[in-house]
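Here's a solo chain for you in structure tokens, the form predicted on its own.
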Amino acid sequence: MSVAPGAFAVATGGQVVSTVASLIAASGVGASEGAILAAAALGRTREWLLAHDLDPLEDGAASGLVALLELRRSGLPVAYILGEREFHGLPFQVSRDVLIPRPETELLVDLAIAAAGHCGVRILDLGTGSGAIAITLAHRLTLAEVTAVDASAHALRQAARNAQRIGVQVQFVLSDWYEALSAQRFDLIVSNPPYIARADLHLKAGDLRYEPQLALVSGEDGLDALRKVIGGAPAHLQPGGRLLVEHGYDQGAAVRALFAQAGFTEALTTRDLAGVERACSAVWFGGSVR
């Protein structure tokens, strides 16, 4: 779409002008994403755009919007273009060092909040990425003590910036899953680990092409990280503690089996708003660690 803004124009009062509506329509970018990019380019709210999408744009404003639309048409995710994605009502800065927070993962946060209640629980977030889960829990559960780990130093720096920006206290630890946690134990462990199989064709389409593969891919069957998270959890949970994990749409039965193999009880799968099995939780009542 490398063209001048004037190429996407409409006739208004005898003059050819660019408008938000004409630029979005000509770009091939979807209306919803186009509106998000237009709001960012013009420094306006989406509500304002609804009333002014046919107003003539100055050349500078039109050029700025065209540049963003070109990036999206090339395939770059909107979150990476803008450097931000909202999650559970909070604004998170994101870069290509971290997975883009997704609405489906808000279910995991909701389940964790319900499990934690309002007491001073110790919470561990494994594979924190942008920090979306850990920071949201620290923001919603003000009495909780939250620790977040990731194997990527770049991701941890991004997460720490988000925590400072949102104004919460989270302890960030550079660790390959539980490796750097020694004998620490927690009341609640949450994780949205990689769970896509290496050969999955979805990795070559859409936004996934641009996201860090380490945050997406987990072995031949997509379960390698979940095996580590579930298998290692008993050594880091208090008796009666709970583990909550997100998993793929077709992995519910396999994840419940992993919980059973690790000695957990009360494994429960929860479906997301689309009716897809999305998260599983179980309780560790203590005993010998397998």
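Quick note: we count residues from 1 along the sequence shown, nothing fancier. Keep in mind that this is a model prediction, so the values were computed, not measured.
FYI, the form predicted together with a small molecule isn't displayed, but the following is about it.
Check: Heavy atoms within 4.5 Å of the small molecule in the predicted complex: does L214 have any?
Finding: Looking in the predicted complex, residue contacts with the small molecule include L214, since a heavy atom lies within 4.5 Å.
Note to self: Under a 4.5 Å heavy atom criterion, is N192 part of the interface with the small molecule in the predicted complex?
What the structure shows: Because a heavy atom of N192 falls inside 4.5 Å of the small molecule in the predicted complex, the answer is yes.
Check: With the cut-off set at 4.5 Å between non-hydrogen atoms, does S95 touch the small molecule in the predicted complex?
Finding: Flag for S95 set to no.
Margin query: If we define contact as a non-hydrogen atom of the residue within 4.5 angstroms of the partner, is A132 a contact of the small molecule in the predicted complex?
Written below: Judged by the heavy-atom cut-off of 4.5 Å, A132 is in contact with the small molecule in the predicted complex.
Item checked: Stretch in contact, per heavy atom within 4.5 angstroms of the small molecule in the predicted complex, of 174 to 182, 73 to 81, 202 to 210, 137 to 145 -> After filtering at 4.5 Å, what remains is 174 to 182.
Notebook entry, point to check: Considering the small molecule in the predicted complex, which of A151, A197, V168, L111 comes within 4.5 Å of it through any heavy atom?
Noted result: That would be A151.
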